[in-house]
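Only one chain is given next, in structure tokens, and it is the form predicted alone.
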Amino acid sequence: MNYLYYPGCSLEGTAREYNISTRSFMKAAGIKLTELEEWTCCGASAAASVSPLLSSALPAINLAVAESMSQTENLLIPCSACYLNLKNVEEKARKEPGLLKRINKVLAEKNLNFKNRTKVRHLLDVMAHDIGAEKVKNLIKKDFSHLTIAPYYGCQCLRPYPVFDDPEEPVSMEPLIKATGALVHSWNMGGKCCGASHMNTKIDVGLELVYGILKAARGADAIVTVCPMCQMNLEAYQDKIELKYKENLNMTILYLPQLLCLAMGMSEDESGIESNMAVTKTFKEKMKKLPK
């Protein structure tokens, strides 16, 4: 299988470990990733507040480039925010012919033409449905049966487009986690919001939301996610939450591909885990005592 690959800005910066582990996992699974040529920022969360047309044109540039490469109709995107922005253009341009014309007027400046032929795919969708838990299970080299993992999806990979899972009761990570031998933490917080950028604008709101997630994850050895914003909020603010709520809620936060890479016996470099800010001493000790 071959997919065009759009890493996005976060995966080349603060979410570097997500990029590393995604590439390592895909290589082990026999998947070829062809990085999008000269990809550009999708607009993140800022473009929409500046210009609705800009928030559509920026993602459309990347989709037009994907069409020009024409190796596959599937564009794989690990970052949930990038996925949502590109998916939003795919959906709106299909329903609004006028928008497609306005986008192409902008793209003409770059000698690009957007025909909306590329299928935008989230990494989790590809992992769960194209690769599947059975194939993953055959790649596992370490027994994670002594670990309990909490799957955290966040908002953007499932809302407002429930393409591959139920946003209220998501389950697509569970077979992949179970393929490692690990238990799935029983909770109802997998699809709850982490506060996203409110950590910068309304930090009390953000801290309260993350506090609820971390508290609900008690009993798990780690939370796994597929979103750089969620990863950042869940791992970077644990000390602030402990000070505010007078509770020690330290928790290991991993990307899903990282968990699978570790279960496949990959090194710290291949999983990118040395870049994680929240890996507890208890988790490290458990990893050292893994049964063969």
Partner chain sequence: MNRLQPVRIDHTVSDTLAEIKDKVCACIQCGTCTGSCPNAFAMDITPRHLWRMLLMGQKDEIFTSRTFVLCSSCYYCTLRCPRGLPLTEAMSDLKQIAAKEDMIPHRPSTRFYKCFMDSVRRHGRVREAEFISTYFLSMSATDPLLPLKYASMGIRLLQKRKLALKNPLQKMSERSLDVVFKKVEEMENQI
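Positions refer to the first chain, counted from 1. Given the structure is predicted, the values throughout are model-derived calculations rather than measurements.
There is another form of the same protein, the form predicted in complex with the partner chain; it is not shown, and what comes next is about it.
Heavy atom contact within 4.5 Å of the partner chain in the predicted complex, the stretch among 193-201, 171-179, 139-147, 124-132: Only one stretch passes the 4.5 Å heavy-atom test: 193-201.
Whether Ser51, Lys110 and Asp239 all lie within 4.5 angstroms of the partner chain in the predicted complex by heavy atom: Spot residues vs the partner chain: full contact, yes.
Contacting member of Ser45, Asn250, Thr34, Ser68, with respect to the partner chain in the predicted complex [4.5 Å, heavy atom]: Only one option qualifies, and that one is Ser45.
Residue (of Met26, Met232, Met266, Ala64) lying close to the partner chain in the predicted complex, criterion heavy atoms within 4.5 Å: For this set of options, the contacting one is Met232.
Leu84 within 4.5 Å of the partner chain in the predicted complex, heavy atoms: Because a heavy atom of Leu84 falls inside 4.5 Å of the partner chain in the predicted complex, the answer is yes.
4.5 angstroms heavy atom contact with the partner chain in the predicted complex for Thr282: Answer no; every heavy atom of Thr282 is more than 4.5 Å from the partner chain in the predicted complex.
4.5 Å heavy atom contact, Thr118 to the partner chain in the predicted complex: Thr118 lies outside the contact set for the partner chain.
The partner chain contact in the predicted complex: Val163, any heavy atom under 4.5 Å: Taking the distances in the predicted complex, the answer for Val163 is no, it never comes within 4.5 Å of the partner chain.
Stretch 73-99 - residues with a heavy atom within 4.5 Å of the partner chain in the predicted complex: Going through 73-99 in order - heavy atoms within 4.5 Å of the partner chain in the predicted complex - the hits are Leu84, Asn88, Lys92.
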